[in-house]
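One chain follows as structure tokens, the form predicted on its own.
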């Protein structure tokens, strides 16, 4: 896989005029909207390489431009096939934009299309270095539930849980910062055409961080739910 792999590199023959189209969306010869090849991912949809740093303003600009070009209103008098393709492409565009505009979902998507996203039991287990804190948190949650059921004083327990929630929010921010750091390493690796083994190691590290992030995020949600319930 090359850092410059985009949809424009996939050979595409126009379904209407049978000429070779240069881009993934419209035929450069007759202008007809095209059926996307199966290998066009969300990055290629926007004409981007599979890199993790994306300029938000530039992505939004591409999104708005494609939204206008692909909008069904532009195909009111077109053939049924073009109308169907417009609806399909507009839906794909929205999905692609929602996925790529957020750094974490961008990493998740990259690992998914690279076949490197592995979830499972590890996501449900507390990271070893957090075991003691998680144990204490669960004890506090149990005490809060018992106090609610028995009509006891909740103020001290809530204060303790709010402190724990803030602590795990900080850990979540640390994970996000680590993800951003590895994302920069990934982009540099692509720019320098490093070997697959090194890229696979980077993806494995990102996968581990995503699982850690998922676990901590669930903890935070559980605490927030108990505090507001």
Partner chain sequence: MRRIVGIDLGTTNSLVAYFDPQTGAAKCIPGPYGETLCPSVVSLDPDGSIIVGEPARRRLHTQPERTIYSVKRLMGRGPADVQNELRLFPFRIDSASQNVIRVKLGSKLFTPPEISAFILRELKIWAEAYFAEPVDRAVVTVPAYFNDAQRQATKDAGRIAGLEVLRLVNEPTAAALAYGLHEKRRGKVAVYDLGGGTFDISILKLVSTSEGDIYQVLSTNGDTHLGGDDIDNLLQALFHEKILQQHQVDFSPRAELAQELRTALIRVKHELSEKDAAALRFPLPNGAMFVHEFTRGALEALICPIVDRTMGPVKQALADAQLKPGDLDEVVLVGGATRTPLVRRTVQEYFNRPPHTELNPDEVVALGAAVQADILERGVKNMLLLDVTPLSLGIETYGGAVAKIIPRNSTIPASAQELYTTGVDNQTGIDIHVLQGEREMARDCRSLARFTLKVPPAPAGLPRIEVKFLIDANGILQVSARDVRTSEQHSLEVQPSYGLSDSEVERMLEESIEYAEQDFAERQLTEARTEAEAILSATAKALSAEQVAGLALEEKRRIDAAVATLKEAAAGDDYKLIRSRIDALNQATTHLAEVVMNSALSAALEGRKVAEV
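Numbering follows the first chain given and starts at 1. Small disclaimer: the values here were computed from a predicted structure and weren't measured.
From this point on, the text means the form predicted together with its partner chain, which you will not see here.
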{"query": "Region of this chain that lies against its partner chain in the predicted bound form, out of 61-69, 167-175, 46-54, 182-190 [heavy atom, 4.5 Å]", "finding": "61-69"}
{"query": "Contact of residue 76 with its partner chain in the predicted bound form (heavy atom, 4.5 Å)", "finding": "yes"}
{"query": "Distance check, residue 91 to its partner chain in the predicted bound form, heavy atom within 4.5 Å", "finding": "yes"}
{"query": "Its partner chain contact at residue 95 in the predicted bound form, heavy atom, 4.5 Å", "finding": "yes"}
{"query": "4.5 Å heavy atom contact, residue 87 and its partner chain in the predicted bound form", "finding": "yes"}
